[in-house]
Each structure stands twice: as structure tokens, then as C-alpha cells.
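One chain comes next, on its own, written as C-alpha cells: the form predicted alone.
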């Protein structure tokens, strides 16, 4: 397989919090991401002209200007409003009529149109959560595939947890457990020699932490998220009330994730008889705060976990793991 400048190999992680594009250029992986969010402001010709001049990502929709991507957070802070989210709980947000328009705009800016007809690309999708309506996931996957098809790509999906396995567990022959702790949910996949054995999601993630913490301290979730990303870490006790609230809901997510993993693997009739322990890798933006891996491992080791693990480690770059996996999947078929 040869990568050319005219037709780079691509993968894309379409997540609740961020959309991340991955490219393969010669022997290097390159990543570019944008916040999957937007704010709307009243349309004026002057505002549109100035945004174009400043190269701010935006689209005109009716009597509004939709500011999307990374700049959306800045505008939300400026006007003290919540960002609007095209996706919720890992899938398309049915309450946002403009959500898919924004996702198309972001994907187009990150990927561009296909360089040749039918150019292959893999994109990430969440695995269904136990008890959730699978039709919603089918609609989500089909809509995103059509978006990429409209740009000239031949698009195929890969579950987010399996993408983490592809992106992070090459050294173990793509055998092990990939966990993606994202904004909308946490995705888990146990794979053996790249074949997914068990895949599922837990409907709690970074948004759950942010919104509940914001309610506890009477603030906006957008502001709590910004404060979290500036310096939250696990250290036991916090005088900062926002950090204290974040620690409470982080613990809730970790406990829920471990409980679901223990039950899913423990009740699985098709759990493989592994000859040796396998690694578990943690990825996603929610897994970034210092101390997350240690806290997760402590809770997991305290449970009766049915899979023998060789290690529990964090991805080198948690925000890029899923996108890297989609790119590896594309490379395998190029």
C-alpha cells in the first residue's frame, strides 16, 4: 500500500465531544480535531463578513449564524450560554435540528471531499448499551455514513471500543480490552486477534460528569468543562467546590463502568479461554485527568473481574486513540 499526497489514507472519530480526523502520510500519523458543538447568534451581514475575515468556522442558517468547532466554546463563554451539541449520549441529538448540518460542516473542513471516487474511510460508532433502543444506533450510523458518502467516500463503520484496540494494542496482536471514555458514553470491546468478542457501551461519560457537577455548584456545564480541562486531577479531597463535585461524579462513572464490565464479561457465554493475560487500555477525553488510570485500576482490581489482565494502562494520547484505530482499519483495506 502506498500513500500519496493526492489520495491520503483517512479515518475519522465522530465523537460526542470532538470530531478527530486521522491521516497517514508516508510513515507518520497526523491528527486534527474540532469541538463537536456550536452556538447561534443573530445574523447580520457585518458579523458574517467579520467571521469570514477572522476565519472563524461558521454557517448561515436562516436568520442565524452558527459558530461551530473550537470557536463555539469561546462564544459560549463570551455570552454566558451553553454550547449546543449535535450529539448526545454518544449518538445524534434528536433535539438539535441543526446538529447534522454542523457535523457535516466540521467533517468537510477536517477531511475535505474524497480525492478519488469511492475512497475508503472508516468512521467510529458507539456500541449499543444494554437495554437501549438499537434503532437509534442504526439511524446514527446510517446518517453519518450518508454524510461521508455525499463527500465521495466509501464509508464503513467500526465500533469505538474496537477502534481503540486497533489504535493501541498492535503489540499484543490486537488482543485485549479497549475502553474509550468519551463525552457521551464509555465504550468497551474485548477483542482476540482483532476479532471483536464482546462490545458494549455504558451511557455515562464526560457530559454526565459536567452537567451533574454544574447542577451541584449552580454553574453552566460549559464553564465546568473548561475548568475541568484546565486542571482537575484525582487527589482525594478538594476545597474547590467544582473539583469536589467533579470527583464525586467521576467516581460514579468509574463505578458504573467497572460494574457493567464485570457483569458483561461475567455473564458472556462466548468469553474466550485466553491462553495468557491480556492488556486493557484506557482512552478518550474523560480518561485524561491525572490519577484516572490509578483510580480505575483500584476499583477494577477490587472487583471479581473475570478476565485476567497483564496490565492496565492509559493511551499515549487518549484523544487520538479512536481516530488512530479508524485509520488503522482503513490502512488494512487500502
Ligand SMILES: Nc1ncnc2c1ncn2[C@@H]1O[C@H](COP(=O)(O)OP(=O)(O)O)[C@@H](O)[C@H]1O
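Numbering follows the first chain given and starts at 1. Everything numeric here is computed off the predicted structure, so don't read it as measured data.
FYI, the form predicted together with the ligand isn't displayed, but the following is about it.
- With the ligand left out of view, the stretch that reaches within 4.5 Å of it through heavy atoms in the model of the complex is, among 261 to 269, 277 to 285, 291 to 299, 62 to 70, 277 to 285.
- Proximity to the ligand in the model of the complex, defined as a heavy atom within 4.5 Å, holds among 182, 126, 176, 167 only for 182.
- Taking 200, 75, 243, 250 one by one, only a single residue has any non-hydrogen atom within 4.5 Å of the ligand in the model of the complex, and it is 250.
- Remark: residue 219 does not count among the residues lining the ligand in the model of the complex, judged by a heavy atom distance of 4.5 Å or less.
- In the model of the complex, the ligand sits within 4.5 Å of a heavy atom belonging to residue 206.
- Although the partner is absent here, residue 98 sits far enough away that none of its heavy atoms falls within 4.5 Å of the ligand in the model of the complex.
- Interface membership of residue 228, defined by any non-hydrogen atom within 4.5 Å of the ligand in the model of the complex, is confirmed.
- Residue 160 is the sole member of 145 to 175 found to place a heavy atom within 4.5 Å of the ligand in the model of the complex.
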